[in-house]
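Next up is one chain by itself, shown in C-alpha cells, the form predicted on its own.
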Amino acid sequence: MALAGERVRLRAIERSDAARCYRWFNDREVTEHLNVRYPMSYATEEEWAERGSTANSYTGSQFAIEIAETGEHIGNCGMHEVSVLDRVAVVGIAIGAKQHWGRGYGSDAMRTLVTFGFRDMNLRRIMLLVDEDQPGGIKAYERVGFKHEGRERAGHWSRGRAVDFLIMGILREEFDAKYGAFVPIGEGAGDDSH
C-alpha cells in the first residue's frame, strides 16, 4: 500500500533502495542541512534499508518518495520520536535526487506524510527542525501549514559554523482548517447507512 499525494507516492523502503541512498547520503550537497556528518558505507545503507523494509510501526516509520507519474525514487521521509501518550511526532525529509529540487515534490511529500500522521495515526501535533539558512525548506514547510514555534540556538554544526534550528509545528486543527476536516467513512453528509 502506498500513500498517494498529488504528485508523489510514499511507499515502504525496499532493500533495492540502498544503492540510491548510498549515493545521496555521501553527497555533501544533499546532506548539507541534514544531521549526516560522516561518510556512509554501503553496508550501513543496506542495514538501514533492511530495517526500513520490515520495521514500520506507530512509533517510527520510513517511506521512499516516488514521483507518482514515473515511479522514480527521489528521496525519503519519515515519522520519528512518535509519542503514543502525547500523540506527537517529529518528521523529516530528504530529496536526494538533486535534479528534482525546487519542483514541489518535497512539499507534496510532506503534505502526504502529515495527512497520514493526522488521518491514519491520529496524531495531534507534528513538528520538525530546519536550519535557519535553508529558505527553500522553510517555505516548503510553510506551504504545508507548519508555523514557526521557536528557535534552538546553535542547534546544528554545519559547514564549519553553528546554525540555529527553527522549530516548526502544525496542529491537527490547523491542518483541518487548511485542508478540510477529516470525516470518517460512514459519518459523512448524505450518508444513508443509519
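Remember, predicted model here, so these are calculated numbers, not experimental data. Numbering starts at 1 and runs along the sequence shown.
From this point on, the text means the form predicted in complex with a small molecule, which you will not see here.
Interface membership of A94, defined by any non-hydrogen atom within 4.5 Å of the small molecule in the predicted bound form, is confirmed. Using a 4.5 Å cutoff between non-hydrogen atoms, G71 does not count as a contact of the small molecule in the predicted bound form.
Among heavy atoms of P135, some come within 4.5 Å of the small molecule in the predicted bound form. Though the partner is left out of this view, W101 does reach within 4.5 Å of the small molecule in the predicted bound form, counting heavy atoms only. Contact check for L34, Y105 and A140: all three have a heavy atom within 4.5 Å of the small molecule in the predicted bound form.
For the small molecule in the predicted bound form, the listed stretch (55 to 63, 145 to 153, 25 to 33, 42 to 50) containing residues with heavy atoms inside 4.5 Å is 25 to 33.
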